[in-house]
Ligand code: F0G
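Below you'll find only one chain, the form predicted alone, shown as structure tokens.
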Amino acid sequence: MRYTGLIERYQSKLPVTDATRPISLGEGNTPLIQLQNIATMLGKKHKIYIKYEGLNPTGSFKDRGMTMAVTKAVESGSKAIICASTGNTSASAAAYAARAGIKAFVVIPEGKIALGKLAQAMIHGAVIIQIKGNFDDGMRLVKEVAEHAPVSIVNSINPFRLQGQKTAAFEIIEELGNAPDYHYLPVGNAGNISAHWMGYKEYHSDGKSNHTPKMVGYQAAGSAPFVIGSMVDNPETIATAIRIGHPQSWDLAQKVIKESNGWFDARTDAQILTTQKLLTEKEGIFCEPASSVSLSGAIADIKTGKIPQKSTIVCTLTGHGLKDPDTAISQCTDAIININPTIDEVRDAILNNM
């Protein structure tokens, strides 16, 4: 059967009815890719899988939650949605609002959003409200304005967002035949790690897995409130998608770590970028910087022996690398070869760089 999106695929597990009109772009059903070359580098003592959420319609995991949030907003009669965003939420909200035929308002921090994400929000016709502040300022304003304007908030404080995002755990169990031993995720606002845990618990209760994984959340060192144990007022990191100092799902995420016997930790910007480049060069998988923090954390924990041998590990890559092309290009130090259009010069360029 033709795949038509996660709402129809998982209707029995979601808060929808037969009368619900799904607002969908065919999200979900993303690939689970087993690493080969990086696993060899690490000694082939573990099975490491990448859940490549960058292949959702707008290039990030946000589409899983947005299909549910916008579907329910339309079902309730909303004519407009609003979100605060470091980029991916705004891109997703703009696309799904366009699909639904409603207006999207997105509040973004000035100078703190990757160009690829801003382009998406703009081209989809969202109303862009840029503030002289960070994401946390934007989130505060969005919650306040929703009390005075007829708009539905579609950030992860919207419970329907997490309902959609939990389906990634369903897909992983269906492909592996069980839950992984460990699941690593980037953590910013912390809704996604909470949603995954919800999905794993539901499928375990349904008898579709015989255990639940340890959930591991990695943050950028300059934006790591869960690691230091308190909110961060002025977070800074190259990983713009997780540059959030006041996570909205703080209590939920803390509960996830406790229930799953997992942990939070952090990686520096340099470590994040090194892993992003390693993943592209060794496996052909291109993710945005914030996404690579999950694999960077897993590699670090494998090297220190924190992960037992023969464990099955899943690392979520939350967004595609094209979300932030400037950061990707800045890491590429090899010069572009400029030659005349002759066979001799093309041949020499090839032979000299074999």
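The structure presented is a predicted model; accordingly, all values stated were derived computationally and were not measured. Sequential numbering from 1, following the sequence displayed.
Absent from the display: the form predicted in complex with this ligand. The rest refers to it.
In the model of the complex, at least one heavy atom of G191 sits within 4.5 Å of a heavy atom of this ligand. Using a 4.5 angstroms limit between non-hydrogen atoms, Y184 is distant from this ligand in the model of the complex. Not displayed here, this ligand is approached by S291 to within 4.5 Å at the level of heavy atoms in the model of the complex.
Shown alone here, A84 lies within 4.5 Å of this ligand in the model of the complex, counting heavy atoms only. Partner contacts here mean any heavy atom within 4.5 Å of this ligand in the model of the complex, and among 272 to 280, 142 to 150, 236 to 244, 203 to 211 they occur only in 236 to 244. The listed set T89, S223, T167, T71 contains one residue whose heavy atoms approach this ligand in the model of the complex to within 4.5 Å, identified as T89. A single residue from the set G297, G28, G65, G319 has any heavy atom within 4.5 angstroms of this ligand in the model of the complex; that residue is G319.
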